[in-house]
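For reference, the chain that follows is the form predicted on its own, supplied as structure tokens.
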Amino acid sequence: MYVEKLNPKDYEKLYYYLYLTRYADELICKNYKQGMLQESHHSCQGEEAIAVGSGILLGKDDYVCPSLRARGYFYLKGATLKEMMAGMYGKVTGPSRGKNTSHHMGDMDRGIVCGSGIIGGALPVAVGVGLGIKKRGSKGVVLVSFGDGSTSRGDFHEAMNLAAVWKLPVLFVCENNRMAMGNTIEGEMAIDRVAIRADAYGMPGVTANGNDVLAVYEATAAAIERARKGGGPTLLEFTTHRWTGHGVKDADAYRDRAVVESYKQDCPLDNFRKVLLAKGILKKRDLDRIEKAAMKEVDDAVEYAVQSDHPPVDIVATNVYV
């Protein structure tokens, strides 16, 4: 229903941010291995459609609490590639002037809530943001993304319960890649679908294909419309695959390489490209043009980060106490 309203420009934007997120991530991983980055990266390769398909629906009055693998939300909410890349390189031109990692950055003017180093820590924060939205009488929503491992923590259940009781405009977006660091989903929960847990809190629980950007868009659009109308929160579970280890320092030796390689046959970028071409929505020359523009933005951002200065010593104690 919602996807049917998309026009060619919307499809171009979706493809641009999918490709941008993938290309940036590949380059980040490569540069880290060459010792160029200060930040320990958590790759989102294979999971890009979740952040892009849901984040593209957020407006200026909406907020997002992104997870470790949700770079697309930053880009779609207005954080520039230059800022993000400078943050990864630990440069003074980064969002925290080189004092914090880019995936923990926040910018409330853009609706990006500062991240926590605690897995699942953003969930109750999102509930607080949702309460603020409701008290102000705004039609905004807050989206919080997290992995399946977070749903076995107390933060998740407390947040879900409060959001449901108070009917807050919170979208709980679970990126279910079936891995909690090095632990499989079977080792952390006795059910197969995270969305089932929504029943215990009196909210809708929806499972959709996280490798299909249009399926993510459709499910998210319905949840946002419900929240804006005062219907309360929704738990959205998007199933996907993690192509890499938990982080760039993780050799991922605990998984069968053949199985991991097979995940790449269900690539969200390839899946969307095939749909666009098969339906005649965009032509190959359009996709080539979009890819070239995205690559230039990323390459320019890397150059900016490399050329930027390291932070001066005299800012060490700034923004620590208030």
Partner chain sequence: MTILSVRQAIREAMREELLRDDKVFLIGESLGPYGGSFKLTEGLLAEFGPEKIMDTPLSESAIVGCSVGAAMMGFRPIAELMFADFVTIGMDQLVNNAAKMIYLHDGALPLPLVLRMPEGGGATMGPHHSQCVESWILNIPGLKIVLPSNAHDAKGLLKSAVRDDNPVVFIEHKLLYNEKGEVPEGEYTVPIGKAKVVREGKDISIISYSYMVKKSLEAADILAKEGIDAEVVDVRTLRPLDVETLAESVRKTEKAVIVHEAPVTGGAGGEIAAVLQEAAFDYLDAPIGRVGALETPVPYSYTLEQAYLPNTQKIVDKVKQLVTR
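Just so it is clear, the structure is predicted and the values come from calculations on it, not from any experiment. Residue numbers count along the first chain shown, from 1.
Another form, the form predicted in complex with the partner chain, is not on view; read the next lines as being about it.
For K99, a non-hydrogen atom is located within 4.5 Å of the partner chain in the predicted complex, even though that partner is not displayed. S116 belongs to the set of residues with a heavy atom inside 4.5 Å of the partner chain in the predicted complex. Looking at N161, you'd find a heavy atom of it within 4.5 angstroms of the partner chain in the predicted complex. In the predicted complex, the partner chain stays beyond 4.5 Å of every heavy atom belonging to A221. The partner is absent here; in the predicted complex, the one residue of D192, D199, E188, D107 having a heavy atom within 4.5 Å of the partner chain is D107. Residue in contact with the partner chain in the predicted complex (any heavy atom within 4.5 Å), chosen from G247, G128, G182, G78: G128.
With respect to the partner chain in the predicted complex, the three residues Y63, G132 and Y321 uniformly fall within 4.5 angstroms at the level of their nearest heavy atom. Picking from 222-230, 70-78, 152-160, 203-211 the stretch near the partner chain in the predicted complex, with a 4.5 Å limit on heavy atoms, gives 152-160.
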